[in-house]
Structure formats: C-alpha cells, structure tokens
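Quick setup: one chain, the form predicted on its own, written in structure tokens, and binding and motion questions come after.
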C-alpha cells in the first residue's frame, strides 16, 4: 500500500470529531496558489479527525513568528462536507507580519496551534429561498465555503454570487466558481473587476457595485438574502447602496470582527447607552489593572470590559473580535479575579490555567495581568 493510500485508509476509518477542548494542533498538508498574491493553506490534525462546522465560521490560529506567538482569525474557505481537512485562503498584505509569514514559511509539514471553529456568519443560521452573495478581495472565503457546501450537495439553489476585485487576475477562485455555475442548477456568478488590468479578451463587466450592475445580474435583489464580506469600505458601500435602493435591512448580513464599529452604525442607540452608563458610573467600584510586561496600570470600573477600558487609556493590546469569540487577546491572570462572559474564544482547561480574555471580562478586584 502506498503512503497516499495508507493515509486515505486512515481517514476512512471511524474518526473522532475535532474537539477544541482536546485538540489544538493542525499540520499543513498543502499550499495552493490562487492568484499572484493569494494562497490557500490546507490543514489536518496530526491524528485524523472529522471537523464539524457551519460554512462561514472561522478558526483562531496561534502562529509562532520569530518575534513571538501571534494570534489571528481566518475564515475557513473549505466545505464542511469535506470534513477531513480545513483550509484558509490568505492574501499577502504588504508589511503584514502574519500573511507574509504564511506565504513565505508555511509549507506542508508546518504545525500551528488553532482553536474553533466559531463564528455566527453562516447562511445556515438564517435560511432563505434566494441569496445574493457579495464579496470583495479576500473576503470571498466565507461565501466560498457556503458555495462549496451547496455544490457538494448538488441540489438546485438560487444564488447570485458577485465577487469584486481589482483586475481579472485578482479574482480568487475564478475557475472554480465558473465550474460551480456550470454544474449547479440555479447558481450564477458575476465577476466584477474594477479594470481589465491587461487581461486580453476580458469580455465581462468592469467597475464597482452599482444600481445598474445589480439590475443586470440580480434584478430581484430586493427579494434576496444578502451575505456580504470584504474590506470595510466595500461592505459599507454595498450596505449603503442596497439601503438606498430599498433592500430590507433585515435581509442583509455582513461579516465583521469589529463589533464596536458596527454599533456605531446606530449612533442614537449608542448615545442612550453612554448616557445610561455615565449615570451609573459613580456608583460602580473602580479597580487597578496592571499589565506587568507593558509596565502600565489603568483604572477599570467593575462594569467595564478590561480591553476597552485599557485601550481608552492608551494601552495597546492585540485583539480582533472584541467579544470573546476569537481568543486573540488571551492573557494570564497573576492575581485578582474577573467576571468573564466569552463566546467560545477560550477553552475550559485554559481558564483552569489562569488565562482569560480581557475583551469580555470585567474586573472583580484589583488585577495583575502577565502581559
């Protein structure tokens, strides 16, 4: 039996499900060039496991960079109906330490730490008869996972997938999306590069998302459940455009790890919350929170999340989701206690070891943090 066949046989055996409480190591098995600056990294556990997740969810990784461990969240781009591996698709970012490390150093055999999957951006959580997927750049990954899942099942769907890119050469998964559109009844794809970018014979549309383009590719867009992911300006533009055209905001969903900015979209509500907080603040105890490695101490009220209060006072702490989902801000308590309300970004055994997430924790006493 060849190595590849033996490997396949192990994966076809009865497998345990990947459990973030028990499993935290993934090994890269393949690297695929998607475009000139985008690559897909395929991972599997050291011992075969089956992954169970919803398309659109993400993993939180800990990468061992030369400068020290760094946490990052990446949405899974592979289909949950192919559960033996998971894949992330990463665009190289100029001066981006993690994306460049992945592109330059992550190869078959590289081991990384990971927890999850987690996240709430999945069409499974809000099913609809018609979808409009909108993605820009590397924001295509969660929508690709959803599309691949539909394609793996092969049943007719009603999906219009619009992907925006700088040029045709920047369209991620271009050939695979075209193949899905040819083989899956009801799945349509519209690539929308801003400019031709030197590709001879490009016959498709050029430009940005507009009312005219939507009328062309999805004239019934008001009836469609919209799922949008991409750079923040892209998502803001898409949301504004759809709102101006009368699309029901209850049918609009977008991926974002920055929930504070999402809250700012409702300024009147935010103002009411701030007023109420100010009225209650005087009666709430305040504690000293000391970050030993940074050599800084901040005042944090008992009703404040530690990360937000520390940032307001100039302490720079790495974080991503800011609501206990991703685990990026994980730190160790040296002394003191907190009231933590996370959403899966930390495991029980880590809590038992004294770790906590400052983004979703409020102090219950003076606190010393190893960070």
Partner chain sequence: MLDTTSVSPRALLARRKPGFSLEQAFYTSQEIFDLDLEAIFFRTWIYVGVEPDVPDEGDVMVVDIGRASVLILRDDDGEIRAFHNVCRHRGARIVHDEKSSVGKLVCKYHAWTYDLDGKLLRAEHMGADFDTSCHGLKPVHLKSVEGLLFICLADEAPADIDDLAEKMGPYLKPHAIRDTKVAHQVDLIELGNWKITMENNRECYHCAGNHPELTIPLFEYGFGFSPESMDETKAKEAHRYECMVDDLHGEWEGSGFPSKEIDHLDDRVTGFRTQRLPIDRAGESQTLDTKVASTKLLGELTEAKMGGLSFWTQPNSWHHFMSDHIVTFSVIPLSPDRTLLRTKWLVHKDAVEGVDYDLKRLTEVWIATNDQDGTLVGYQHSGVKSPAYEPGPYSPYTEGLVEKFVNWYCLRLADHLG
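The term rigid core refers to the maximal set of C-alpha atoms that superpose within 1.5 Å between the two forms. Residue numbers count along the first chain shown, from 1. A quick note: this is a predicted structure, and the numbers were derived from the prediction, not measured.
The following text describes the form predicted in complex with its partner chain, which does not appear among the structures shown.
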Partner absent here, but in the predicted complex, which of 52-60, 318-326, 24-32, 300-308 has residues with a heavy atom within 4.5 Å of its partner chain?
318-326
Against its partner chain in the predicted complex, would residue 346 count as a contact residue? Criterion: heavy atoms within 4.5 Å.
yes
When you overlay the rigid core, is the Cα of residue 353 off by 2 Å or more between the shown form and the other one?
yes
After a rigid core superposition, would you say the CA of residue 70 moves by 2 angstroms or more between the shown form and the other one, or not?
no
Hey, the CA atoms of residue 230 and residue 359 end up closer or farther in the predicted complex than in the shown form, with the change being 3 Å or more?
farther
Given that the distance between the C-alpha atoms of residue 357 and residue 68 changes by 3 Å or more in the predicted complex, do they end up closer or farther than here?
closer
